[in-house]
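So this first bit is one chain, no partners, the form predicted alone, shown in structure tokens.
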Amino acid sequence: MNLTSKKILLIDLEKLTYEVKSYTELQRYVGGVGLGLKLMDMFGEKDPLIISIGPLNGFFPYASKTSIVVNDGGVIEDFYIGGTMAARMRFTGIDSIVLNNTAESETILEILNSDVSFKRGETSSGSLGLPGRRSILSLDESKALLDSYFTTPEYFLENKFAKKNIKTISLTGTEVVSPLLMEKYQNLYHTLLARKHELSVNESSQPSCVNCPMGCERSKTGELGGNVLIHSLVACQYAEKIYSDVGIIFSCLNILGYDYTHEDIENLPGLIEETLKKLS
């Protein structure tokens, strides 16, 4: 896990090529929506579909969502999907995937760590990735479904998939990532897990997002917009009471080895607002 830069997987759908680039200047955008909006600013002329995680994804409870940023007819939209994708992406070593331009014909993307294979639309989803370590996001009739269950509000993702000729994205991560301070990490993890009563949803029997025991009925449709700090981490909005606590945020970041300062976190909303002004 690179703690000094952001590792971006850039995919050109028109040329069916890809490359991985690291950007130290993107570190201050933290992740999630902050990173996604800055990447939109950088690659906007290529009509990107941007999928991002934050520094807590794959490590802590309720940091369970994946951020998606698109340009929808001139309006920049940010929305969030639950399921397993955030954790799978953590173990690819990639902070963000940027899908630029448009494929000539219906295309399936099979991503294994930082490698991409381009396949034709008739390829079976069951043949993609590694069972038990993959997330599959695929168009299923009118909606895009992740893990055959989780989806997003509205139809921004479906419209972008159709426009770009994307049928399915399979994501598999096999890299081993361990916190530097394992004992302190485990203690904090269980402390946060025990605070599930502070979530603004009720426990249920529906499929749970990764690192969440709630199985709430509201996880299926994901989230749209909201608190930019929460969505830069990328935590669940229903855990806002927990992850709005700057002390908790810094405890999590420090245990993982990040050197963000209070000033970095305090400046983030202004940085995002500045980026949005440029985009508009």
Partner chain sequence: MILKVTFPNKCIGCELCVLEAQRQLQKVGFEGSLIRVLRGRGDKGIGFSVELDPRINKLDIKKLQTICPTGVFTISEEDSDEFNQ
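All of these numbers come straight from a predicted model, not from anything done at the bench. Positions refer to the first chain, counted from 1.
One more form of this protein should be noted, the form predicted together with the partner chain, which is absent from this view; the next part is about it.
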Contact segment among 233 to 241, 41 to 49, 211 to 219, 246 to 254, judged by heavy atoms lying within 4.5 Å of the partner chain in the predicted complex = 211 to 219
Please state whether every one of the three residues 79, 110 and 120 places a non-hydrogen atom within 4.5 angstroms of the partner chain in the predicted complex.
-> no
Pick from 200, 124, 159, 186: which has a non-hydrogen atom within 4.5 Å of the partner chain in the predicted complex?
-> 186
Within 4.5 Å of the partner chain in the predicted complex, heavy atoms considered, which of 93, 129, 179, 153?
-> 179
Does the partner chain get within 4.5 angstroms of any non-hydrogen atom of residue 191 in the predicted complex?
-> no
Contact label in the predicted complex: residue 133 to the partner chain, heavy atom within 4.5 Å | yes
Does residue 175 reach the partner chain in the predicted complex, with heavy atoms at most 4.5 Å apart?
-> yes
Is there a heavy atom of residue 84 lying 4.5 Å or less from a heavy atom of the partner chain in the predicted complex?
-> yes
Across 144 to 163, the residues having a non-hydrogen atom within 4.5 Å of the partner chain in the predicted complex turn out to be 147, 148, 149
